[in-house]
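Before any questions on binding or motion, here is one chain by itself as structure tokens, the form predicted alone.
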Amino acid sequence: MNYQHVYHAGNFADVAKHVALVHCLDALKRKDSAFFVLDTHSGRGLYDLRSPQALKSGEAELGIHKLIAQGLGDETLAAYFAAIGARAGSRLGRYPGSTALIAAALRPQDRALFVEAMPAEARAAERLIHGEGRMRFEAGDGYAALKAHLPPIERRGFVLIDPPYENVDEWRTMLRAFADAHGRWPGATYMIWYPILGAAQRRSVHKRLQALAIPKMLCADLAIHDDEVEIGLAGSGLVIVNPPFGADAYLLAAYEAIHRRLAPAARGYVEVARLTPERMAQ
């Protein structure tokens, strides 16, 4: 595996993904009962935006740094800005990935498992990440973890599936693992991230997800570049299964706020829509 997220930390795709993540975690905390979180591709959790890799790519400059400079007072994004520690007149030195955001959201009664394929990254996360909940870090296969650890003893929970999509058969492997996990723990909230590389590819992703015939699927797509010409990463896509109440309206407003500030004029789009209904036809 060659993927190194430090080059991309804090880019527009991280922003889109983590706005939704923070919203889902906040929804879980509305009840006192414990919840369990599984992050299948966790990474190291904290990324130095002053590192040579981050500075070389410049993606954080056009992502989180630009958003903080232009949108810090936007109430729609207030929970996200608070979660990442954004402050007026101050640049972020480190960007918190999903592992750090999840850890910070845990209460003493909550539990999380972070799985990372690269042992060095898993060890770094264990050193860097702290929180009030009970946390476990594993170096291994995140898809295997779905089978090994679901369903948990907790009745409520959240599963984040955020692979790098380096392998040619990644989609097939991911969809099979997700469908199996959902079959064993159907009441959890699942969030799957996918890149938007082009219009045809995005339609194919939606079609493959719909073919699983799993109810309560919400897609939330944010593109800051036009996707008619495949020139690289045009956008960031999510499918959320069993989204919290009000997620549709919230993500539409939040993604439009991000799009206004990060997309070049008249480029890209926002789409938040239900892929599948509340109940599937028998």
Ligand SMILES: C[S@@+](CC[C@H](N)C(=O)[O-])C[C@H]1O[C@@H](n2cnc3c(N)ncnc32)[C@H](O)[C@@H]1O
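These figures come from a predicted structure and were not determined experimentally. All residue numbers are counted from 1 along the displayed sequence.
Another form, the form predicted in complex with the named molecule, is not on view; read the next lines as being about it.
S.K.: Indicate whether residue 205 is a 4.5 Å heavy atom neighbour of the named molecule in the predicted bound form.
M.R.: No, residue 205 is distant from the partner.
S.K.: Is residue 164 close to the named molecule in the predicted bound form, meaning a heavy atom pair under 4.5 Å apart or at it?
M.R.: Residue-level check for residue 164: yes, a contact with the named molecule.
S.K.: Spell out, yes or no, whether the shortest heavy atom distance between residue 39 and the named molecule in the predicted bound form is within 4.5 Å.
M.R.: Judged by the heavy-atom cut-off of 4.5 Å, residue 39 is in contact with the named molecule in the predicted bound form.
S.K.: Quick one: is residue 47 in contact with the named molecule in the predicted bound form, heavy atoms, 4.5 Å cut-off?
M.R.: Yes, residue 47 sits close enough to the named molecule in the predicted bound form that at least one of its heavy atoms falls within 4.5 Å.
S.K.: Is every one of 5, 98 and 118 in contact with the named molecule in the predicted bound form, taking contact as a heavy atom within 4.5 Å?
M.R.: Heavy-atom distance to the named molecule in the predicted bound form: all three under 4.5 Å.
S.K.: Only one of 180, 132, 141, 154 comes within 4.5 Å of the named molecule in the predicted bound form by heavy atoms, so just point that one out.
M.R.: Of the listed residues, the single hit is 141.
S.K.: 207 to 215, 105 to 113, 133 to 141, 86 to 94: which one contacts the named molecule in the predicted bound form at 4.5 Å, heavy atom to heavy atom?
M.R.: Only one stretch qualifies here: 133 to 141.
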